[in-house]
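Only one chain comes next, encoded as structure tokens, the form predicted on its own.
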Amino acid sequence: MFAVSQPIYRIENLVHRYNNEPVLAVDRLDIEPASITGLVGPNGSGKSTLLKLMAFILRPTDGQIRFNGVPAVPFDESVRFQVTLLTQDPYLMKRTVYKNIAYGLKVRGDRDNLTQSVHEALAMVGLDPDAFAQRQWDELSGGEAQRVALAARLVLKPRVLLLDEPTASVDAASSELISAASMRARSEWGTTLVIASHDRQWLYDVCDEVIHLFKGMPVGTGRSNMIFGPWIRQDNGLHVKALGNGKCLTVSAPPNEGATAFIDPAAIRILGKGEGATTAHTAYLDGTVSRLSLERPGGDLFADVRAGSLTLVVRVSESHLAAMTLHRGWPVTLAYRPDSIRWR
């Protein structure tokens, strides 16, 4: 769709510290132009810090961020109006909606067709310009304020739009409009999107790549199962996590009681009809299919399987697709090898 010459971002040997404590460490990360990249991970994993560094609000403690092939730092003219960040809590100046949205254009010295540009940005986020342009900042609901904040960034037609939990604190209608407007920026202008969100399914549906962050470090891409302790030791030497409803996830020996387990969706198998236990080295877990979805880049089918308090993502193999039919709400049995689990 868009010509790709070089990464719009190249991050190398980056370390960032707060109060001398490292909170982010990235050896190498490339972001391609006009791509959509998702960032997932638990609170405190470094998602917001990475976005602030990519927005050139913060300067990394060590390492380098190249933007379009050139090293860049906060307030460089080369990035000032090309990169913009939308945070979870919208910041609006104490003025009208119109003046909030027009501010960036005025600072950039772009005053031609100002009213038309503001009205187009409002319409893009689903707000009627005639009804909202002259409203004061404190006359907006939370969802409306977030949409105005997004419009203030879209009006600049940025080369990069960074979104930090953009839909976490808004109503469903606003969430849908924010998502649609962001995707439209990519399709119409070739805007590069980087989105941090706890809504993994949305990211898997729209992103070209999803990067997992854990304890300040990238730990993989694509779909993954991240399962937190504590783990309970059994008499047979294995450990389990209690999931409720009498269900337990069996794992190999963790490095410590609070370790985090990572299970590749391809390492979990949905047993076909009539299949039973085949090996003493395989663990089994009964659950219910809660969602079926196609991965956007590769077209693989994934099933979300709910087992007690845990939902596991499973890649459905072609051989199983040919032999079985899956539907939402169907009971299934999962099989996996505990020794296939990675630990952090």
Partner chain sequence: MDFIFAGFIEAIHLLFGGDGQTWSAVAATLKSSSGSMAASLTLGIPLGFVLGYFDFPAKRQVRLLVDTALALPTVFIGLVVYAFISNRGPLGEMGLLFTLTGIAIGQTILALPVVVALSATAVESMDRHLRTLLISLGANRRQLLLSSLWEVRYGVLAAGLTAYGRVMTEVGISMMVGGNIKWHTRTITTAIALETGKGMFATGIALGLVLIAIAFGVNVCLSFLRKK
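Positions refer to the first chain, counted from 1. Just so it is clear, the structure is predicted and the values come from calculations on it, not from any experiment.
Missing here is the form predicted in complex with its partner chain; even so, the following discussion is about that form.
So, 57, 85 and 89: all three within 4.5 Å of its partner chain in the predicted complex by heavy atoms, or not? Per the other structure, all of 57, 85 and 89 touch its partner chain.
From the candidate stretches 228 to 236, 255 to 263, 136 to 144, 214 to 222, select the single one in contact with its partner chain in the predicted complex, where contact means a heavy atom within 4.5 Å. Heavy-atom contact with the partner occurs in 136 to 144.
Within 4.5 Å, heavy atoms only: does residue 66 come near its partner chain in the predicted complex? The answer is no: residue 66 has no heavy atom within 4.5 Å of its partner chain.
Taking the shortest heavy atom distance, is residue 193 within 4.5 Å of its partner chain in the predicted complex? No, no contact at 4.5 Å.
Should residue 198 be counted as a contact of its partner chain in the predicted complex, where contact means heavy atoms within 4.5 Å? Taking the distances in the predicted complex, the answer for residue 198 is no, it never comes within 4.5 Å of its partner chain.
Hey, in the predicted complex, is residue 118 touching its partner chain, heavy atoms inside 4.5 Å? Close contact is absent here: in the predicted complex, residue 118 is far from its partner chain, nothing within 4.5 Å, heavy atoms only.
Using heavy atoms only and a 4.5 Å cut-off, determine which of 107, 180, 114, 168 is in contact with its partner chain in the predicted complex. Checked against the cut-off, the match is 107.
May I ask you to choose, among 123, 173, 93, 131, the residue with a heavy atom within 4.5 Å of its partner chain in the predicted complex? It is 93.
Which residues within 220 to 253 place at least one heavy atom within 4.5 Å of its partner chain in the predicted complex? Residues within 4.5 Å: none in this stretch.
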